Every structure is written in structure tokens, then in C-alpha cells.
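Next comes just one chain, in C-alpha cells: the form predicted alone.
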Amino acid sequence: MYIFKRVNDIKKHIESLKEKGKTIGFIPTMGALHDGHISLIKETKTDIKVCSIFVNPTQFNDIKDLEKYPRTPSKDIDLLLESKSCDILFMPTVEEIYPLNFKAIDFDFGNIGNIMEGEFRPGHFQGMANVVHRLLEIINPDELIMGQKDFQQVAIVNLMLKQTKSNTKLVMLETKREKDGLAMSSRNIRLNESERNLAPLIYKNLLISKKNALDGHDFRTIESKFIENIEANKEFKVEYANIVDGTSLNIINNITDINYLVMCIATWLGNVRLIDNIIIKN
């Protein structure tokens, strides 16, 4: 596995691979890697698999969240080497990603950028989209691989790719879960033992919500019941639980309205904010 820290160095290396006809797959991460990240890399179908580790400061609307975000570079490298899944690791500094002449793009994401995560994390999607765009300029991959867990983020990136007329293909892979159903996330390591034992209730209630939606129950009632069931445990505080169109993320009223339905949620569990979703219909 090659490790690069400078933009010019990795660009030259990838250009040489492309000249040999190699296809490039790119998996951007913020580190604190886990089996979910490794599965994304392993399932990438391109000739060369590039993973980046960069904790992007511009997508944190809360400086305390940025400070608390887990950083485990040595363990991350060991995990990648052990998995034998990654060909190139890119670990740039903030100065490499955001040089003095860097100019952020003011993307127009419309309603998709203002609801759910956009409502509770103002500025997050502009920062996220800009860093992904910057990384794509550097890596120039054939495919960009992202996980379903960050469903709204995938929708935002898809819009960004269209607005920038990118030739990179976006591939969304299924959320990887622990045996008890909890979506794998770098934030999970911040849960204490009691919180970790409660966390599987999120997916358990998403499965119940999906069944009720397919059975024709009222969607607003399903959303309310999800919140009620979760918050029956005082450690939880749900920010949102919405059944939406999987493309536009518009709120949907019933099962017959659209062919692509997703339920997205965000909840605090103690001091840790967790997100998850489930595809109801596709």
C-alpha cells in the first residue's frame, strides 16, 4: 500500500496508473476506520482502490464535535494493511487540501440541503461537498464509493457531481451493521457500555417502521411512534424521523405516492449523535 501526504505526489502517481489503463475507485473517509470502511474498499470493483483519511474542519458546525472526533491514524494504517484491501492511502494536511488560493464553491442544493441534517447542522453540506469536490479534483477517480448510512450526504454529493459536470460515477453501497443491527460508525466508540447496549434499538425500530409502512399505516403516525418508542429510553433524544422520497428527500405521505422510499433518522444517545436509515421501497 502506497501512502501519500502531498497533493502533487498522489496526482502524479494516479496519472501514471491511468496512463496504463487502470481504473480508479475512491473511498473518502475521516478516519477512525472500522469494518464498515473496509467493506466499502473490498467491494469496490475498480483496478486500483484509493482511500483518503482527512478530518474536514469545514463540515463541522460545532467546534466541540470537531475536537471530539476520533483520530487514530496508526490504527487506521494497520487495519488497512491487515485487510490487504487498499492500494493507495491519501493522508493530507489541512494546508494541502485548502491552500491559500483555495476558493470554496457556493453550491445550490435547494430543499435537500435545508432539511434533516441541513436543519440541524447548518453549513455542514457546503463544507462536505467542497471537500469531496476538492478530493475528486486530486484523485480524479472513475468511481466514488459511499455508504448508505449517510443517505442524505450521498444525495447531496450526487447533486454536486451533476452541478460540476463530473465524469465520476457515484456508487452507494449498503450500510454495514454490527451483529445486533447497529450501523457501523466511527462515533460508536464514544458510546459508553450502557449506551452501546441501547443503540441497537434504533435499527430494531427502523425495521418496525418499514413493516408498518409497507402494511399501509399512516406515515406521520409511523414517524411519531418511532420517536415515542426510542425516547421511552431517557438516554435518547430524537432530532428527526422522516419518511422521504429517496431522490428528492421530500416528505412522502403514503406508500403509493412514490417508488423510492427511505426513512431517515438522527438521534442523540447520551452525548453522541447517531444517524441511520432504512430503504422501505425501491
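Start at 1 with the first residue shown and count on from there. Values in this document were obtained by computation on a predicted structure and should not be read as measured data.
There is another form of this protein, the form predicted together with adenosine monophosphate (AMP), and it is not shown here; the text below is about that form.
Checking Thr58, Thr46, Thr29, Asn242 for any heavy atom within 4.5 Å of adenosine monophosphate (AMP) in the predicted complex turns up a single hit: Thr29. Distance criterion of 4.5 Å from any heavy atom to adenosine monophosphate (AMP) in the predicted complex singles out Met184 from the list Val131, Met184, Leu198, Ile115. Remark: of stretches 199 to 207, 97 to 105, 144 to 152, 71 to 79, the one touching adenosine monophosphate (AMP) in the predicted complex is 144 to 152 (heavy atom within 4.5 Å). Remark: Leu249 does not count among the residues lining adenosine monophosphate (AMP) in the predicted complex, judged by a heavy atom distance of 4.5 Å or less. Proximity of Ile230 to adenosine monophosphate (AMP) in the predicted complex: non-hydrogen atoms within 4.5 Å are absent; the residue sits far from the partner.
Contact annotation: Leu40 falls within 4.5 Å of adenosine monophosphate (AMP) in the predicted complex, judged by heavy atom distances. For Asn212, no non-hydrogen atom is located within 4.5 Å of adenosine monophosphate (AMP) in the predicted complex, even though that partner is not displayed.
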